[in-house]
Structures are given as C-alpha cells and as structure tokens.
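Given next, in structure tokens, is a single chain: the form predicted on its own.
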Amino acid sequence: MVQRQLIDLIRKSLALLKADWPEIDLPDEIQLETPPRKDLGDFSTNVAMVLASQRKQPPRQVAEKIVAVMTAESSPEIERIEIAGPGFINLFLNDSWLYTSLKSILLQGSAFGKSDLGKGARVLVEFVSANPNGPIHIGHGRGGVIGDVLANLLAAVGYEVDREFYVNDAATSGQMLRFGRSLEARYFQLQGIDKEVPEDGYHGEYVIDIAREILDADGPRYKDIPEAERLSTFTALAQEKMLEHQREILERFGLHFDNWFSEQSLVDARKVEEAIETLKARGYTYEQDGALWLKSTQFGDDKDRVLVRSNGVPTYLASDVAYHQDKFERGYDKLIDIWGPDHHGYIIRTKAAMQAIGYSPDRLDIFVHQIVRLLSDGELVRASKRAGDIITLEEILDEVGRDVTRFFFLMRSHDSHLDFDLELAKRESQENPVYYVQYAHARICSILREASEGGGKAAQLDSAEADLTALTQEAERDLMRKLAELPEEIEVAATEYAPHRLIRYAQELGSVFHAFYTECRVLCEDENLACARLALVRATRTVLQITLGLLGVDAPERM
C-alpha cells in the first residue's frame, strides 16, 4: 500500500540525514495522516516537528532539509512535496497510485487488505463470559461483537486467533447456588406448592420458563428427593439450561467460540491450588486474619488482595490466576480479555497476579467496554419484564435483527457509553447507517446486473484489463482514494483494538460511493469509460464485502 511506501521513503531519508544529524534519535513510528482538506495533499507527516527539539531548530527548517532529501530519493507516485503551517510535510501524489491500488483490489479480490503483520503469533480473545445464571443482555452483546470483530481483524493481519467463552461454573459459587434455589422454588410453584424464591435469588420470568421446561420433561420426580440432592440437581439443571439458551442467542447473533472453558475444570484439575502454591513459592503471598493474601501492591495495585478467604474458599482472583496461567500454558503469545463496565477494578489486580506468577504484563491486554443505553422515542428503556432488571440481547434481535444490532453496538469506541436508538435502528431509510451502507452494495449489484443484461464490451471485459486512466473526475478519484485506505484501516483497527473504526470507514465509503453514483453515470455511451467505471464499482463491491464481512454484517444483493 502507498502509505507503507511513503513511510519507507521518510525512514530512508531520515537515515541518510543521520550522518549530518548524529544527535537525533530516529522515531520508532512515522505518523502519516490524511489531511483535513484536499488542498493540503494526499498525505501529511509531522516528523519534522517531532525532530525539531532534538535539532534545536524551528520545525520548518528541519522540514526543509527532510524534503530536500525526500525529493532526491522520491518515488514516481509523488507529484510534489510542500511544507505547511509550523512544519507539516504534505505529500501530493499523482493519479498513478490510485490506478495501481484499484488494480490491486481487482486482482486480489477478497485477499485485499490482508497482511502478515502478526506473523502467525497465537492470540486468545476471551469475551462475553456471562455468568450462567441469566440471559445474555445488551451489555454482553456489545462486548461480544467487539470481541468478535477484533478477532476478525487480528486474523486479517496475520495472527492465529482463537475465541473463548469462560464459564463461571465452579460448584462452590454462591450465585449458582442461589440460582438453583430460585429454580427449585419456581418448579414447586408450578405444581401449586408454596415455596418462596430467596430474597437474594433470581426473580426474572426466564427462571419460570426454565422450571416449566424441567417440569414438562421430567414431571414432578424431583419433588420428593432429599433437599441437599434436590438443590444440587437444580443448580446443575439451571446451569445446563441457561448455557443452552446463551449458546443459542450468541449463535443467532453471529458469535462462534472455539472453546467454552469451564471454571470447574480448573478446580477438578487442581489448577487453582497449583497457582496458589506457585505464588507462595515465589514469595508473593502472606497470611493475615486467617486469609491468604497476594502482595499485589508490589505490582502497582492500590492494596493487597485476598486469594483464599478465612473459611478456606478461594476467591475469584485465585481462579482468574489459574485460568490465565492455563491460557499461557496452552501456548498463546498474547491474551486479550474484554470485560464489562463493572470489572474495571479487576484489571490491575489480574495483571499484578500474572506478574507475580512470572508472566510479562505486556502479554495480557484487558479492556473494559462501557454501558449500552436503549432509547425508544427518546425515552430510556430501563428493564425487561421477562428478564427482571436487564434488557436481553434476544429482545433487541427480535426488534431489529442481527445486522443492525451488530452495527449499532460498534458505532462508538469501547470506552464510550453507547446510546442505542431503537427507532432509528428500525428505519429502512438512508437515516439508518446500516441500511445506507448495505444499500451501496445492493446498488452496485444492480448496476452489474444491468451491465450483464445489456451485453457489450463493458460487460465482457475483465475489469483488471480496463483502461483505468479514463477515471479522471474528482468523484472517481475520491472513491479510489477511499478504497485504497482499507489496508491501513484494517491494520490500525487491529493493532489499536479499535473495531469501531471499521464502522466509520464503512459509512464514509458508502457516502463516497453514493456521491460517485450521483455524479458519474456508470453505463455511459463511452465504452472505455464505462469499462473503467465498471471496474471501479466492482472494486467497491469487493471492499464493501470485505468490510461488512469483518463486521459480521450481511452484504445484500437486493434491497
């Protein structure tokens, strides 16, 4: 891609200048950005301003020297180089790079935008990991699509990626026991037997639904068994039924996991005990008030954390240490955890624990996504009758479908709150950003069908053989520029863990295409121009398909 070539040119120029500027440290990264206005060039870099302090010279003087070397070493794609403002170096390219990029899309097809940046390094992305005691809610949905698309992006840039769902199913879990008691109470109530749901239990109607499933399948057989056995049975049944439902909804949402990892499997394999013993052996634990503590303050935490309670029961942190240790033992080079907004305080302690056990914190990235607020007619929707105090992902999917839900959940950065406008999501008009982007793809398919039915040179010619130099109008250039940005967008979105960037790119591409369609008749009388424009719309279709595919959103041929 041309950005990479330009960065290489800047690096080469700086390396040549190093002989005259021995005091400078060459920057690890060269920033290359698209200027806000076309009259400022195709690309711009601030490298002169970065080096000015080291040279103890005004940035423009530094820029003049860099530009002189770049001009001498210049590539054929560069038309001219200018210095602007306090020292920005603006690069103006001729159209040849646009034609080269367009031809690359036509030749590479669905492989366009892929790279080997990751060089096959193994990455495990763990996301959703909802407790098996309630439905998947819209917060889980947001975290789910962030994790899924991030995994797609990482795979596209050359990482070997696995997706994992961590099931908090330890038999000693207090929340699972409360869930079992709640289900037991509903099971009795459905048979006309008075039994109260625990005050701290689960009161949503989904518990009644599960109880009815059990009663329909097994009848009243559990009514007369010993209480302890009955509680154990209902706790296990509650988890089994809830996980079945969670899997079903996540599959419907387009989320597929390579592994559903059981917390109980860590307990059964004595991995939790082993992790605790490792921490002890490394000298990072101590006993106080009958509990075992981790010296997490030695790794930046604000206070030490309990690993084993005074009653001998390990904490969630102990299980998390064992779980992350197990991940590394499975051979992953990098771990990525995506957590909900109520887990922010666990980041430092988890990374501290991994340092204590002997792993570099740089190999574990944890980020928290913020809440989703559902709005209907401008009013906040607060709760679901069926699920209690949450709004389920299933309800949103029923209302607006998978594509819209995924797209809307990604429209803001993970660290920003998200308002989900239900009425906007339902509209089948250009106001709806999903519809707007998908309609661009459907419109292209319509053009190509018309070309095929009309016959002639434009329909028969291989797009890669078209004379692309016929594309000279500004709307055509704008579209080619936007198509050429895809590889960089994929790479940045992957490396910065920013899948929302793809949403912005898809919307911008849709807008630029619709403007092109308005200004340029594709199937015009000039056959050479028609061939070139057909090549351009075919390339646009390819890039839209790649982008929507990474987002897990359909690219419809008719709308």
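In this text, rigid core is short for the largest set of C-alphas that superpose within 1.5 Å between two forms. Numbers for residues come from their place in the sequence shown, where the first is 1. Every value quoted in this text rests on a predicted model; they were computed, and no experiment measured them.
Below, we refer to the form predicted in complex with the RNA, which is not included among the displayed structures.
- Although the partner is absent here, F367 sits far enough away that none of its heavy atoms falls within 4.5 Å of the RNA in the model of the complex.
- The shortest heavy atom separation between P86 and the RNA in the model of the complex is within 4.5 Å.
- The closest non-hydrogen atom of V67 lies beyond 4.5 Å of the RNA in the model of the complex.
- The closest heavy atom approach of A425 to the RNA in the model of the complex falls outside 4.5 Å.
- The putative spot formed by K12, V157 and R481 is not touched by the RNA in the model of the complex; no residue has a non-hydrogen atom within 4.5 angstroms of it.
- Of the residues S413, S452, S262, N94, just one reaches the RNA in the model of the complex with a heavy atom at 4.5 Å or closer; this is S413.
- Just one of S446, S115, Q189, S232 comes within 4.5 Å of the RNA in the model of the complex, counting any heavy atom, and that one is S446.
- Screening 217-225, 405-413, 191-199, 120-128 for residues having heavy atoms within 4.5 Å of the RNA in the model of the complex returns a single hit, 405-413.
- Along 283-305, these residues reach a heavy atom to within 4.5 Å of the RNA in the model of the complex: Q288, D289, A291, W293, D302, K303, R305.
- Core-superposed comparison between this form and the one not shown: the Cα of Q57 travels 2 Å or more.
- When the rigid core is held fixed, the Cα atom of D478 travels less than 2 angstroms between this form and the one not shown.
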